[in-house]
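Below, in structure tokens: the form predicted alone, a single chain.
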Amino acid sequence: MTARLRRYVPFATSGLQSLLQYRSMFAMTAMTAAAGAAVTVFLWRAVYEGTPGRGPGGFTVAEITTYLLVAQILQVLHSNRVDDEVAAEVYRGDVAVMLVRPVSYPVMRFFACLPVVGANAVLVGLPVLGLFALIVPLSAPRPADLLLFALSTALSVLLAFCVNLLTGMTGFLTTNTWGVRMVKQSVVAFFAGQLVPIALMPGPLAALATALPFRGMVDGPLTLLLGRYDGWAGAAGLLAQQLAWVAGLSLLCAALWRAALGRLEVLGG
């Protein structure tokens, strides 16, 4: 680990210590995620239940159940609170204090969100997955697909960080980002394939969703998990698309961050 990266470790460790002070929050998040997953999963299972073999989109009942359940868990992993915290620090003027430190604010925010992602995966995602595995039959992935899914999920976390950072930076333009965050949440949930798999969307809408970066947050990882890709070239194409969007959004974040600093005004003393 280089000395430059070592500067950011305290932000990750302090974030983890802060999270562990509010362990009951994870229980509430798990219950909320389980309730949301139950509504979605059982609604779609009812749609597929009477269909022999593969139903709409080429999903079996077990595959659509796995897709929707893991989509809910991925949404929990993407809730890293970066948009909320960046907007709040801009609004309160706390971001000015961060700027005098010898660290990059966006990189610091990335390290600070890592404990949130890890804790959500272990304390929310795994229990919810285990609970539903006892209730409904799920599709068992092949080991190679599971490995591709893990790699794709890591890229989806990076995509979610970039999208949330861009959303938080709208705080430089408006004093209240609540509406922006609500719009972002709805747009991402729809075009990522979290609510409706992209395979079930009409042709033009599916083409638009496939071209947008949000696909790499949910539909991309699940396509790999369920083995719905066209050979190794298809899997590599999905990962390459995710990687390209991560690079593109990272550059966009860096450019907009530099531009946003020129608009920063902090009042008070």
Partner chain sequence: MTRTMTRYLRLAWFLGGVGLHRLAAYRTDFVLGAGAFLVRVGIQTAVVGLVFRQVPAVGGWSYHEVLFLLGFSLLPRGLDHLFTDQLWELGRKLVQRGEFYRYLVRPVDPLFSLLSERFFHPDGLGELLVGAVLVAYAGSELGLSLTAVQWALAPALVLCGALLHTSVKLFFASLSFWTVTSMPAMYAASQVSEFSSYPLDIYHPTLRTLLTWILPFAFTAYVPSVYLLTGVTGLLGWLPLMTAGALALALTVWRRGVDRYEMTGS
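Owing to the predicted nature of the structure, the values given are computational and were not obtained by experimental measurement. Positions refer to the first chain, counted from 1.
Missing here is the form predicted together with its partner chain; even so, the following discussion is about that form.
Enquirer: Using a 4.5 Å cut on heavy atoms, which of 240, 233, 207, 39 is close to its partner chain in the model of the complex?
Expert: Checking each option against its partner chain in the model of the complex, the one that comes within 4.5 Å is 39.
Enquirer: Taking its partner chain in the model of the complex as the reference, which of 180, 151, 77, 103 has a non-hydrogen atom within 4.5 Å?
Expert: When its partner chain is considered in the model of the complex, the option within 4.5 Å is 180.
Enquirer: Any idea which of 207-215, 60-68, 221-229, 46-54 reaches within 4.5 Å of its partner chain in the model of the complex, heavy atoms considered?
Expert: Of the options, only 46-54 has residues within 4.5 Å of the partner.
Enquirer: Looking at the partner-bound form in the model of the complex, is residue 185 within 4.5 Å of its partner chain by any heavy atom?
Expert: Contact with its partner chain, yes.
Enquirer: If we define contact as a non-hydrogen atom of the residue within 4.5 angstroms of the partner, is residue 195 a contact of its partner chain in the model of the complex?
Expert: Judged by the heavy-atom cut-off of 4.5 Å, residue 195 is in contact with its partner chain in the model of the complex.
Enquirer: Quick one: does residue 25 come within 4.5 Å of its partner chain in the model of the complex, counting heavy atoms only?
Expert: Yes, residue 25 lies within 4.5 Å of its partner chain in the model of the complex.
Enquirer: With the partner left out here, check for me: in the model of the complex, does some heavy atom of residue 135 sit within 4.5 Å of its partner chain?
Expert: Flag for residue 135 set to yes.
Enquirer: For a quick check, can you give me the residues of 189-207 that have a heavy atom within 4.5 Å of its partner chain in the model of the complex?
Expert: The stretch 189-207, when checked against its partner chain in the model of the complex, contributes 190, 195, 196, 200, 201, 202, 205 at the 4.5 Å heavy-atom cut-off.
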